[in-house]
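The chain below stands alone and is given as structure tokens, in the form predicted alone.
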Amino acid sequence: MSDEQVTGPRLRGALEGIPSYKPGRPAAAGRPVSYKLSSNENPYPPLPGVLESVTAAASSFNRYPDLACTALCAELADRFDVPLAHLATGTGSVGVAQQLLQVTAGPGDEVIYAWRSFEAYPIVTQISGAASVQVPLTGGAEREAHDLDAMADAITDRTRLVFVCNPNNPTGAAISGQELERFLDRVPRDVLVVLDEAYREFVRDESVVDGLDFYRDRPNVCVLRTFSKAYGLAGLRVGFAVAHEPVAAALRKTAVPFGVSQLAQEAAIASLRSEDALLERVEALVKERTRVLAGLRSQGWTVPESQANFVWLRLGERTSDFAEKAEAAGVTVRAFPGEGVRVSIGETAANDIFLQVAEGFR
């Protein structure tokens, strides 16, 4: 190609066709009352002590943050009873997920995940150059859960990583410990299984086992957690992974230097130290989730049993119509056109509006 034909820098072909991440729509401006139920955010203000910690840290943000997140990692190691060497932090769990692709997969490799699941999975997979293997959910509209048998069947010698979103985003379905153990027993030891537990704090089904219990004696299991959901630090971007040392060390190597701000680190530490208040708030959201699910079912909706801080309605071609009616009524929901809507559990008044919209739409 001659210089005259070159129109700009050569970019990687793998970037072509990457789906863009679509954030939840903000609350509609100009309405007397409008609520955002589209991003699975915590509707409560920061936990006790958090705002004070962030305010104090703000006086020194002319300095770089602690690259190693030393104090935060020490707090996490104590809280979850894991070695310091098994921890890695990043800009939210999605930032760590992208690092996991960087350390495991590239062109010619495959990454397996359920679909529909967290919409960042196809994005970070394609950025890495690897190929996505999407395994449809199972159980119909009543469950919409991971088909772990089909996911295990999909593993080949090209598979490098498997994402298991538990509870699943956006359907809220969770995987029991028995199901997960049976699946992990079928996964080759050289394939990394990432248990994405962004909504772990909202789980009330006793059959759903903490992923850390599996990580402890399985070197190919990595657990992702975040401070964005239950802890209410979505705007500060801090998440972490718990994995055996080779994986955790690789994640630390690929982390964006100083990616987790000092404000985020201090806020996360203060949040961990305010666990009693956290549990009260989470329990209040769980009660609201139970109320919303019961309300939807009494209206005649078929809704999966959610173990997260949102509910899922399978609407198909009516999805966009529902989202428009919800916004007109004063709440924004997360629409997946042609599939359904995910609705976060928010303030009681917001949940009431959503239920009114659902009843009218039904």
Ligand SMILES: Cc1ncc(COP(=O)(O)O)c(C=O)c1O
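From 1 onward, residues are counted along the sequence shown. Note that the structure is a prediction, hence the values are computed from the model and not measured.
Heads up, the form predicted in complex with the ligand isn't pictured, but that's what we're talking about next.
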Item checked: Heavy atom contact within 4.5 Å of the ligand in the predicted bound form, the stretch among 265 to 273, 152 to 160, 222 to 230, 175 to 183 -> 222 to 230
Check: Of the options V260, A243, V124, A198, which one has a non-hydrogen atom that comes within 4.5 Å of the ligand in the predicted bound form?
Finding: A198
Next item on the list: Name the residue from L72, I112, C165, L101 that puts a heavy atom within 4.5 Å of the ligand in the predicted bound form.
Entry: C165
Notebook entry, point to check: Quick one: does H86 come within 4.5 Å of the ligand in the predicted bound form, counting heavy atoms only?
Noted result: no
Notebook entry, point to check: Though only this chain appears here, would R237 touch the ligand in the predicted bound form if you measure heavy atom gaps against 4.5 Å?
Noted result: yes
Check: Any of the heavy atoms of T171 lying within 4.5 Å of the ligand in the predicted bound form?
Finding: no
Note to self: Does any part of F202 reach within 4.5 Å of the ligand in the predicted bound form? Heavy atoms only, please.
What the structure shows: no
